[in-house]
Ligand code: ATP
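Next up is one chain by itself, shown in structure tokens, the form predicted on its own.
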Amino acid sequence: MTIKSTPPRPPADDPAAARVIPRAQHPISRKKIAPNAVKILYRLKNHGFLAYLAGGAVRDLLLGRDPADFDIVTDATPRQIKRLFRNSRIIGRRFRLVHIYFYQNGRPTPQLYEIATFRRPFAPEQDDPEIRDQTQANNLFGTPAEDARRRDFTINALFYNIADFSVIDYVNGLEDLDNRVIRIIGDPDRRFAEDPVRVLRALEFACRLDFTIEEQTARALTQAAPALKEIPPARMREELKGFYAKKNTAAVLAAGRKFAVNRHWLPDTITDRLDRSLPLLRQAESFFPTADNDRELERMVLSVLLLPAMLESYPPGAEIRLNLIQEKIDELLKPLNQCFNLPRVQRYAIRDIFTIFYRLGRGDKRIKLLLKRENFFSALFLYAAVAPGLPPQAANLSFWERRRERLNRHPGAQGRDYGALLTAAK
């Protein structure tokens, strides 16, 4: 990832200055949009409302990618949207949104679509001085142009209009998309100060899309990084979830090291040892399915990040006392919990992974007992990943490799080839 120097291009204040790309000049087709999203767009349009596909979905469709989500914006208010869709619910306090649910046969969970009303930024010189609450300021309805300009990055502020199938650009996002550039909308210092989490989002988009970061955006994000310490841990955990759900954690941490960002949102025990954890993290992200199990992905990512510090204190071996292992992992989890406010079940799972990990290091071969442990396969992955760097007497993998078929048939393996993983680690 590099920094790209380009001249600043402030968006025009005139809404008529929007760049409109007709259907014949862009690749977005309704066939590439989820049918239920098209249904929502048309119902809003047929009732006289503006209805735009927005944000990342438009960006990904223009890039030839499959969008993960289809977010929709409209000039209908949340209450008007609620009246149009019985299968909907108004949610949120900071931002009032509508979630529309579609239940389909054979799916345990409904499909969820998020509908937002066009918003505008709060302007103290123009708006009611009684509006002092941030929640009120975040829910001032506006025009499509105002909504586009209050978004974070230019490539995320594009709209697809279902009325005429055109793409609408108020912030020169199409140019940045063509040039593969991440650029924040408006004054970089002010926009990062509004929401420091945009620092991580800029890095994540640059890594996931293989884009460069515009020079002024890069400078401002480095200066704004210390403010990440003030973000509530629950929100930081949601951002981390976005990284590992897209198998992008290792790339974001590598970029964060380059921009001196990581130490502002991760404990020193992790940031000081990234040289050793990043290769293991890339291996974990390639081995575990993306949308398999959020809880498992989270505990694996965090266990990998803590592993180098654990190995420094206690290399695997026959003489390791498990009570010392548990005390050490509890010590390492304290600053991590302060960063992400981890649920107790996740803290317990990480503790259990390391307990089993060191049991394997002691040569524990009680296969019936270990296979009953929920976190056995997570611990086995960690052990196979570090085994090539361990002394031969500590590797103890041949016993498990000979039972590869039994391991692979076990429900806990979830279809992953642990036998091949163990063979490669020998």
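The numbering used is simple: start at 1 and walk along the sequence shown. Predicted model, so just to flag it, every value in this text is computed and none were measured.
What follows is about the form predicted together with adenosine-5'-triphosphate, which we do not show.
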257, 82, 246, 328 - the one with a heavy atom within 4.5 Å of adenosine-5'-triphosphate in the predicted bound form: 246
Among 285, 298, 176, 152, which has at least one heavy atom within 4.5 Å of adenosine-5'-triphosphate in the predicted bound form? 152
Options 356-364, 376-384, 33-41, 57-65; stretch whose heavy atom lies within 4.5 Å of adenosine-5'-triphosphate in the predicted bound form: 57-65
Would you check, heavy atoms only and a 4.5 Å threshold, whether residue 74 touches adenosine-5'-triphosphate in the predicted bound form? no
Any of the heavy atoms of residue 265 lying within 4.5 Å of adenosine-5'-triphosphate in the predicted bound form? no
Using the partner position in the predicted bound form, report whether residue 187 sits within 4.5 Å of adenosine-5'-triphosphate, counting heavy atoms only. no
Taking adenosine-5'-triphosphate as it sits in the predicted bound form, is residue 205 near enough to touch it, meaning that at least one heavy atom pair lies within 4.5 angstroms? yes
Sequence-ordered residues of 319-338 touching adenosine-5'-triphosphate in the predicted bound form, heavy atom within 4.5 Å: none
